[in-house]
Structures are given as structure tokens and as C-alpha cells.
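In C-alpha cells, the next block holds one chain alone, the form predicted on its own.
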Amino acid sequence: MRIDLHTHSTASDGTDTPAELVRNAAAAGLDVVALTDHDTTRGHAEAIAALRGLPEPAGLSLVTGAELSCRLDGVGLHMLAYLFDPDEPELSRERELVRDDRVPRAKTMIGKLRELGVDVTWEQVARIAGDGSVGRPHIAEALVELGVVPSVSDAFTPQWLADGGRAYAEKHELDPFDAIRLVKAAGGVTVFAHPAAAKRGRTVPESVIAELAAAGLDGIEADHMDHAPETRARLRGLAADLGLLATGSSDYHGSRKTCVLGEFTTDPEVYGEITRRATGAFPVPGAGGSPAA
């Protein structure tokens, strides 16, 4: 089985619509794909409809989820949440607070960029974001359009949009311990996304990962494009020491990033354990597919 548990659509900062993402996942030969847009479940219905429309014997299953924006002691981190009840009120309310803060935050960053001499506008960023939840990747793409940086990833530096960078602005974010508690209460499973992706900004020490594990964290995303091979091996060892699941995934964003669907994958046994732990929702089988055990 080929299982990719971290992807994004136009519901947040990807370039594929949820339906396109599902079709592209099937074309890439995936057996399971998770839709984990930033702080939103808005793309789930379209993705499920597209899944139902795949021709037999596609056999693709969809894991519904979200990537929650968190911050601890000034360090930003992302928490992947799988198979939770999207209607659970407390978690839904927190996701809404994060989403509502995205527009004023983006406008603040645009103002900082203009002070730095970059002729970016809110209208340009809003056009790029479309119906998605506006975020830094949309501003980064505007910088690419303007010729300020050669690629989206080159905008995520201290020079521009990285945490603490010259044009960075904070937004409402969850405490990761609260995120774990809320997701668990909604019947979901939590995995710390790209925990050692140092090029994105500061990362938390392994002692914090141990504290998160003690608080109920289910796993860490070890195999990721932003982790060097030795880092992936170290994280797998850490997961084993802490009794955590170790996952792998692409963090696919369509054409906005260079990663491709299925670039890294999750072991079927780990995926099975995730589905066994979840009580808020279940994987959605497509044509020819079957629910996970």
C-alpha cells in the first residue's frame, strides 16, 4: 500500500482543488491520501464527492484531517489531526479563531513588505489565495510574481517571511498541548508535522516532543522533504524511544512546492494503528476501496 498522510488543496494554500487532489492521488497510484488543509475542513465534502466519482477499481481511500497552527514559547509548529469529528464545538471554535486571524495577519505582513520597498498589494495576494484560507505561501507566491524571490521556498527566510523574519507577523495559534487535548476529545489522532524542519525557522527540542508524547501525542512525521536522511533516522529512533508512531508523507501543495504526491509514505501498519485509534471519523473508501481495519 502507498499511503500519503499530508496534503493541501485550494481550501488552504495548495493549488489543486480538493477534487483535483483526489484525482491526482488516484493517478499517482496512492491507496490512501489524507487531506490536511491548514485549520479547515472546508475541502472535505468536495474531496469525498470526487472520491465517489472515481472509476472502478481506483481503490483510493480518503483520510479527513487538518493541519493545526500551533505555537509554544515563540516557536511555530504544526499538528496534523486525523479522523476527528469536524462538528465537535470546542475544536471547531478554535479552528475558526485561527482562520479569522489570517486576513488581518496577511495585511500586516503586506504592510511590512511595502515598508521594505516591495510593491505587493492585498488585491494581488487575495487573487492568488482565491477561495482558500490566506496564508504566507500566498504572499510568497506574490513575491515570486514580482521577481523578489525565485521560488516560494526562497521567501521563507529571515529576509522575508520566516518566523521572526522582517515581514513576519503573528496570528492566533493553538498551544500544542491544547491541540492534542481538543483533537483527542473530538475522537481524532495527532501527529507532529515536520518537527525538525529547521529551514522553516526555530524548532522545539526533543524534550518538548517527549512532553507532548506524555500529553497524548500519537506520532511524529519522520519522513518529510524538509528532513535530511540522518534527521529522518534520528526521528524514527526518537519515536521508538517515546512509543510514538512514525509517519511519512509528501506535504503536497500542488504546483506551489516541488514535492510530489507519494514522495514519502507511511507504513501500512502505522496507518492501521491510526485508524484503530480514531473514533471521530473513519477513512472514506472510494470505488473499489474498503474501509481500513
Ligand code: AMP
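From 1 onward, residues are counted along the sequence shown. Computed from a prediction, not measured in an experiment: that's the story for all the values here.
Unshown form predicted together with the named molecule; subsequent notes refer to it.
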Candidate from Pro195, Gly135, Pro176, Gly219 lying within 4.5 Å of the named molecule in the predicted complex - any heavy atom: Gly135
Tell me, which of Lys199, Arg93, Arg127, Arg114 has a heavy atom within 4.5 angstroms of the named molecule in the predicted complex? Lys199
Where does the named molecule sit in the predicted complex: which of 237-245, 253-261, 25-33, 41-49, heavy atoms within 4.5 Å? 253-261
Does Phe156 reach the named molecule in the predicted complex, with heavy atoms at most 4.5 Å apart? yes
Does the 4.5 Å heavy atom contact test between Arg99 and the named molecule in the predicted complex come out positive? no
4.5 Å heavy atom contact, Arg105 and the named molecule in the predicted complex: yes
Please check if Lys171 has a heavy atom lying within 4.5 Å of any heavy atom of the named molecule in the predicted complex. yes
Which residues in 1-24 have a heavy atom within 4.5 Å of the named molecule in the predicted complex? Asp13
